[in-house]
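Quick setup: the structure tokens below cover two forms of a single protein chain, split into structure 1 and structure 2.
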Structure 1
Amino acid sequence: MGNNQKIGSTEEKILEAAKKVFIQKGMYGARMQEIANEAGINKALLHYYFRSKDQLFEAIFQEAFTEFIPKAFSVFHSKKPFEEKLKLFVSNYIDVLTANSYLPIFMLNEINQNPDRLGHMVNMMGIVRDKVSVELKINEEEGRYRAMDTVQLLSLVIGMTLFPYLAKPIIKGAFSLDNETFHAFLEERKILIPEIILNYLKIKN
């Protein structure tokens, strides 16, 4: 089998179909038959390429993990000033999320149901925290920022940014937003969220 997955190959069709069904229905709600139908192939082929439902799921889950998350947090490894990093992160994160709208709730749910899946993410987030900590410290010591806990900061920013995707049906339903309005609503947050955070962090003279 190997790693040579040319585009349009059976393996890729399966992964595409599995991603769609797993994300929509979750690990338990997904049916192997439905994935096979979605991929336009025989159910036995699923087991030929991926031994079991668990292994197929794992493949999807890990792919999301190793592609999606690092992409979102890559900014923090750059050498830009913190203020710019923050703005870029939110903007970039929103774009990545918009392109993978249903991933977050899926991932969060699966992690909650089986925290073992966390794996590498722990390390990566730890690194991000350490980097941000250093920058906050510098800005604090130079009298520009007030003191603030890094974990609080990160979880506030991520929470604000992520929430609309997790609660998409609720927000759209409760506030009767059509697709266009919802999208504008998301775009506005690229500016709003950093503004709110920086407004709080920065010490006024």
Structure 2
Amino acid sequence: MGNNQKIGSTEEKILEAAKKVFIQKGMYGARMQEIANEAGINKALLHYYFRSKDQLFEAIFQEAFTEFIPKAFSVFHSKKPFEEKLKLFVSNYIDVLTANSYLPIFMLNEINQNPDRLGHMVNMMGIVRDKVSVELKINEEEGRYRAMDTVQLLSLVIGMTLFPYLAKPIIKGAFSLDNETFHAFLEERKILIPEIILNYLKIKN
């Protein structure tokens, strides 16, 4: 029991250290020795848990999206109305980014340096795009929604969700937001983002 707790604690320390170093240096600029130093362990112990930076990256990415990816799939495969699916998707996405504040910058670095690493994320978005396309088409044909390109819609949703995390220092500084008011600002976007999208889509009678 105690030994298992120790193993978990060491792995957690390594993952937290790797997040910090990857954000500062990027995947290619980071060194295993730097990660070991940040974690307060020797390099041999680091290699015992993770043989390479690739393994560390995968562990970090999987940790962050272990809950989000199944939720995203289940939301868009459910029989709920499209409006509800959109709200749930945005809410879940914001929750994941808030719980993993390092993730947006980390992903941005990887997209620029090595987009192939995010292949599973790209595949997920492709499946979501296909499901959303079908629902948009049905609502359009039934006269509820105006025509809208699915890529535009998903790009708007992702862009509006991600931007506050990428521009956090600017937003907090420009509008004098402390941590509490910034968190409230993010929570409000769970309501605003779907409203903005749906207000555009819905055909007013």
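Note that the rigid core is defined as the largest set of C-alphas that superpose within 1.5 Å between two forms. None of these values were measured; they are calculated from a predicted model. FYI, numbering is relative to structure 1, first residue = 1.
Legend: structure 1 corresponds to the form predicted in complex with the DNA, while structure 2 does not.
After superposition on the rigid core, the Cα of residue 141 moves by less than 2 Å between the two structures. In this overlay on the rigid core, residue 189 has a C-alpha that sits less than 2 Å away from its partner position between the two structures.
Once the two forms are overlaid on the core, residue 21 shows a Cα shift of 2.5 Å between the two structures. Once the core is aligned between the two structures, the alpha carbon position of residue 55 differs by 5.5 Å; this is the C-alpha shift at that site.
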